[in-house]
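As a starting point, one isolated chain is supplied in structure tokens, in the form predicted on its own.
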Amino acid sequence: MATLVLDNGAYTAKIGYNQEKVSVIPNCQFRSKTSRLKTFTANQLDEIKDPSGLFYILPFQKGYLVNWDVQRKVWDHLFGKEMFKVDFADTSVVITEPYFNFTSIQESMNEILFEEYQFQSALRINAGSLSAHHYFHTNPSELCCMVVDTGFSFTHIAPYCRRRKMKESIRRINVGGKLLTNHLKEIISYRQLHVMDETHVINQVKEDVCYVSQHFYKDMEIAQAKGEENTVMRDYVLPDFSSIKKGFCKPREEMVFSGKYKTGEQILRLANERFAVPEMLFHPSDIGIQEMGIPEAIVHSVESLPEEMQPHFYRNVVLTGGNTLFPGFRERLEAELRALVPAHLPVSVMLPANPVCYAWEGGKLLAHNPDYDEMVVMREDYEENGHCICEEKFDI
């Protein structure tokens, strides 16, 4: 029997069989400016000739799955002939959901998995639990870990002890990649060029040029310097989708510091935006979101746990999710945590090689676990007992 692992994120779905490699696919539908009527699903994004003014239709809003019509289309595409050719009657599925998911969403998901697709068996689990499973699998001597999952909609901080999540100490910060991209769009639109419709392009800009500053005020001063001394400033060449398919950063030696470029490309000049945008993960109050930053939230979470466990969490902080890919993220988090944590406790922050697929890999390991069959709900059980059997079995 095959097991399909699907880490169903709000931005990308990480999907693959437990014997194979993972594929990362946009979990949404698109409409392009040119062909308004045609809808593109998931990885058909590559077929769009002109992705400027790309219109996103997302199944997730504020981190919860609310638009089932879109999600169905994406899943039909993923499970169908073009992608994974799933034989439902002989496939078990591991699917992720956010912490404290709503019961109505869980029930809809049960119905779709068992009644529409008719999977043989299913396991619904938090992505953080899969990350924790992965961490404990690679570090068998450790008893505790703190999973920091900073994704598209929000950032979760979840402590795990002996593979069980400590529900009372989970913290959520409402800052994620979506907010960062939207904020960057606003800053650029206000300062130089109207890009409010260009989510796709600006998301690319964010991924290419943003970084986490180690010394915010020092970098702020550098960003105000004129000409060559400004080591923060970068010129980003925007794509025109005819000759330049993908935007890129101009190399330092080709930058023109005074006057215009002769080449006629469209340029975004970015200075303090590069680090001011990711800074929101550490200080959401900068843009009026009255919440703790990630380092404070970790300390807040750990301090609500029994005292004898606290040292174990500080030295097993695991980073997952796309925002951890900003250069300098791990170093900054470790430095800030170090400042907040009592001096006699060691602090260690671990960034996996592939933080986006870390939970998926945990799901793959879980599917090979001898206890796996005990954890899933079989379709026969569901048909006999309905939703209550899922509620009993899945620790959500």
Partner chain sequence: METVFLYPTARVEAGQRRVLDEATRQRRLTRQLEALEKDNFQDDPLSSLPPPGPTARLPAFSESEEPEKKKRKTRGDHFKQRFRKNFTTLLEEENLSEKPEPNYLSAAAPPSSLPARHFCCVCGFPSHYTCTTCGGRYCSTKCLCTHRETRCLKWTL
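Remember, it's a predicted structure, so these values are computed and weren't measured experimentally. Numbering follows the first chain given and starts at 1.
Beyond what is shown, the protein has a form predicted together with its partner chain; the following relates to that form.
- This chain is drawn without its partner chain; in the predicted bound form, the residue among Asp240, Glu111, Glu207, Glu228 with a heavy atom within 4.5 Å of it is Glu111.
- Of the residues given (Lys165, His133, Lys185, Arg234), Lys185 alone sits with a heavy atom within 4.5 Å of its partner chain in the predicted bound form.
- Partner contacts here mean any heavy atom within 4.5 Å of its partner chain in the predicted bound form, and among 241 to 249, 313 to 321, 122 to 130, 175 to 183 they occur only in 175 to 183.
- Although the partner is absent from this view, Ser32 contacts its partner chain in the predicted bound form, with a non-hydrogen atom inside 4.5 angstroms.
- Of the heavy atoms in Glu279, some are within 4.5 Å of its partner chain in the predicted bound form.
- Interface residue remark: Leu37 is counted as part of the site for its partner chain in the predicted bound form, having a heavy atom within 4.5 Å.
- In the predicted bound form, its partner chain sits beyond 4.5 Å of every heavy atom of Phe84.
- Contacts with its partner chain in the predicted bound form, taken as any heavy atom within 4.5 Å, map within 42 to 64 to Gly53, Leu54, Phe55, Tyr56, Leu58, Gln61, Lys62, Tyr64.
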